[in-house]
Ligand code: GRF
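First, one chain by itself: the form predicted on its own, in structure tokens.
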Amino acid sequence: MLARTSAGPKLGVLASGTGTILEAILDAGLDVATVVVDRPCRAEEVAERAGVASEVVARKDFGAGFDRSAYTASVVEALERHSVEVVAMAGFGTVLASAIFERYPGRVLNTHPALLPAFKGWHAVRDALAAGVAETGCTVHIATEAVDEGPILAQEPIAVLPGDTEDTLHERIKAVERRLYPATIASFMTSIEDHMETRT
């Protein structure tokens, strides 16, 4: 793991699963102010090992009555407690409402396992295979309230190989994602820092 620096805008990471994207972000030397998860998961352990504060904002309702706005407000409050200025979604399993995009306009980043605008949604890898495309890839973009929309920051294509399954193709996409996403976040953070300096 590279040495992390506390200079510059503070980064918050939203995670829900195994924390492999979070590990890649930390291994790249990015300074993470806090990790917020929507359920108990390995990402908490990753944060703890790295000495990063984590908070569980538990999603208790997965039914039609889920109050997405109230839940999002709780996530924003958790980020604000750590003075977060840029948010990186790292496999976060809950679609958030407008409040987070209003609080962090143009500063919520996401990674997606396809070459957007193609194959939006939760099953992008499966959909790419079903469509019979010769290549798919990884996209890093600014997240908006509309899922898998927003300005594209970086993309890298990945060939679909004969005999690929959803698992084998997804693993190759993840390998690229773990390199491309942290590098793009770092570049974005530098641009935000430069912008902040020009305003002072």
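One-based numbering along the sequence shown. A quick note: this is a predicted structure, and the numbers were derived from the prediction, not measured.
There is another form of this protein, the form predicted in complex with the named molecule, and it is not shown here; the text below is about that form.
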One stretch from 53-61, 167-175, 28-36, 128-136 that, in the predicted bound form, holds residues within 4.5 Å of the named molecule by heavy atom:
167-175
Residue 182 near the named molecule in the predicted bound form, any heavy atom under 4.5 Å?
no
Tell me, yes or no, whether residue 189 is in contact with the named molecule in the predicted bound form, where a contact means a heavy atom of each within 4.5 Å.
no
With the partner left out of view, is residue 21 within 4.5 angstroms of the named molecule in the predicted bound form by any non-hydrogen atom?
yes
Heavy atoms within 4.5 Å of the named molecule in the predicted bound form: does residue 107 have any?
no
Note that the named molecule is not shown here; using its position in the predicted bound form, name the residues of 96-115 with a heavy atom within 4.5 Å of it, in sequence order.
111, 112, 113
